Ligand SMILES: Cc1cc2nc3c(=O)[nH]c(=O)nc-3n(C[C@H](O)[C@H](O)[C@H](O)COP(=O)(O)O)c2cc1C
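Just one chain is shown here, as structure tokens, and it is the form predicted on its own.
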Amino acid sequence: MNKRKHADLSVDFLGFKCENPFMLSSSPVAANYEMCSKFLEAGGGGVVFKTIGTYIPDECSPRFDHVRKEGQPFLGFKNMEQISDHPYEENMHFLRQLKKDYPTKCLIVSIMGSNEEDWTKLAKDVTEAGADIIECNFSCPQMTQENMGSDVGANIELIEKFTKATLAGTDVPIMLKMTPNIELMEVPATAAIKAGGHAIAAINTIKAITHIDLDQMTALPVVNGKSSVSGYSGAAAKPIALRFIANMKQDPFLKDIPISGIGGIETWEDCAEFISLGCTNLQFTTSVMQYGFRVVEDMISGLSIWMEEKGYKSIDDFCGKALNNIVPAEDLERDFKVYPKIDYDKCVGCGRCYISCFDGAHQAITWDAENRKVEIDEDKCVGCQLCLHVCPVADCITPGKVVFKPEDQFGLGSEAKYVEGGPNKRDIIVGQYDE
């Protein structure tokens, strides 16, 4: 029997050949030797060891909260934990042992100092302990000291100063982990690269309050009656991460700079999305917190099978492929609309689409209460497709016919013309009417 040959998931990240791009992010899931070892044994290409500093933080309890919807696993996760709480030399021992036991796996070590001397010392020590790459944590939003974490990521002067200080202590590549708690990530990222950095890691967590405890009148988690703003991550952060990454990869100066993608990665589909925007390295935490280290097995098999189906032989074949199709809003074509199509064999007559359209959109769906049947009123429908997104039945409502607006740029006049399909059929449509 012929052994099935899988697609090549290997990547070259900053000169290190990784068997795949999947890594634990610097977080509670990568805090010691045992955790990192278990992930590497499960098939991960490497780890980003939890941020090491020159002091041990005094942590609060409890320190986590989460956001869920309708009984699903948490969509968003709030974390008030700071950097590693292990003694300094114990962390160095973990690093030396990991590199000894897993020499072919990529060992990235996250560090954070409060002054130039700290950054140089940390860089020197983790390099000697076996780090292949150093990640500078310029972005943790819950540090209790000034000039640390997200305070650095929003300060160009500190970014430049601490990047150069890190380089002074190491000869391995460094990447800078950026904060999303700013409007434009391109500005600090450019400063970090111009100061000598080699790659960007994005995004770190988003400053947030997840819930208010209405009995104690404070945010969650409650620590002796009080709480604090801190980092928000998980699946709900993915759209924000993708936006920042796309912006950087479309920036003329940053477009060729390697990016390690972070933010809500839970499935192989998430991995493919980040890669399609140009990421060649992927980090994750909250998926491991929910499902354990075995998530990497699903990512490896799922991404590999999908690549085979699509004819991609390597990650390079589709890395960054989505970028050219993400354009400014003013460049979107607006001369047609796509009507929704209802599959009445699947419709359960719940009326959800009718209510959402009437109360939240354009009153373009009619409701036959006696027969519990909905219909699209094309005279009112604008093609927003809110109905498709609220329908509880898979593929009951789908994109239907494409209709050109009257007097569009192709000179079709006021006569409505359409074909079945979605906007991806536009090239066919235009070709037909050009004839």
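Counting begins at 1, following the sequence as shown. Values in this document were obtained by computation on a predicted structure and should not be read as measured data.
What follows is about the form predicted in complex with the named molecule, which we do not show.
Residue contact with the named molecule in the model of the complex: Phe162 places no heavy atom within 4.5 Å of it. In the model of the complex, the named molecule sits beyond 4.5 Å of every heavy atom of Thr190. For Ser260, no non-hydrogen atom is located within 4.5 Å of the named molecule in the model of the complex, even though that partner is not displayed. Taking the partner from elsewhere, Ala219 is found to have every heavy atom lying beyond 4.5 Å of the named molecule in the model of the complex. Just one of Asp125, Glu81, Asp151, Glu186 comes within 4.5 Å of the named molecule in the model of the complex, counting any heavy atom, and that one is Glu81.
Contact with the named molecule in the model of the complex, judged by any heavy atom within 4.5 Å, is made by just one of Thr166, Asn281, Thr179, Ser233: Ser233.
Residues of just one listed stretch (88-96, 286-294, 249-257, 302-310) have heavy atoms within 4.5 Å of the named molecule in the model of the complex: 286-294. Within 4.5 angstroms of the named molecule in the model of the complex, the stretch 84-116 places a non-hydrogen atom from Ser110 alone.
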